[in-house]
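In the form predicted alone, a lone chain appears below as C-alpha cells.
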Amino acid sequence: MVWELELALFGLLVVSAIVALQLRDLIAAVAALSVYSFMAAALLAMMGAVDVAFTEAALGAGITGVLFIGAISLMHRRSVD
C-alpha cells in the first residue's frame, strides 16, 4: 500500500515539474515550483527522512518562493518568447 502512495506522489512531482517548465507567466511558474517542493517534501517524509522533508518544505517552498516573487516584482511578469 505504501509504494502505491509513493508512486502517486512521484507522478505528481513529475507533473508539477513539467507544468512549471511549460508556464509562461513567471508568478504561476513560482507557484508550480512551490507545489513541486511540497510534493518532494511529502515524498521525503513518506520515505522516512522527516528532517530533510522539513528543510525542503521550509526552504524550497517558503523562502525560495518569496525570494523569486520579490525578484519577479522588480522585472517583467511574463517571459519573452
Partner chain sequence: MTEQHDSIILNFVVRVLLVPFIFVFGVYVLVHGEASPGGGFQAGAIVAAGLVLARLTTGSEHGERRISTRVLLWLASAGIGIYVLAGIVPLLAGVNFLDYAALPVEWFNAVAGHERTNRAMGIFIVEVGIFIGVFSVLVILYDHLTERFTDD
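Numbering follows the first chain given and starts at 1. In this text the structure is predicted, and so the values were computed from the model without any measurement.
Below: the form predicted in complex with its partner chain, not depicted.
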| query | finding |
| --- | --- |
| Proximity of Leu74 to its partner chain in the predicted complex, heavy atoms at 4.5 Å | yes |
| Leu21: touches its partner chain in the predicted complex, heavy atom cutoff 4.5 angstroms | no |
| Contact flag, Ile69 vs its partner chain in the predicted complex, heavy atom cut 4.5 Å | yes |
| Proximity of Met46 to its partner chain in the predicted complex, heavy atoms at 4.5 Å | no |
| Contact test, all of Ser34, Met39 and Ala42, partner its partner chain in the predicted complex, heavy atom 4.5 Å | no |
| Interface residues of 43 to 68 toward its partner chain, as seen in the predicted complex [heavy atoms, 4.5 Å] | Val50, Asp51, Phe54, Thr55, Ala58, Leu59, Ile63, Val66, Leu67 |
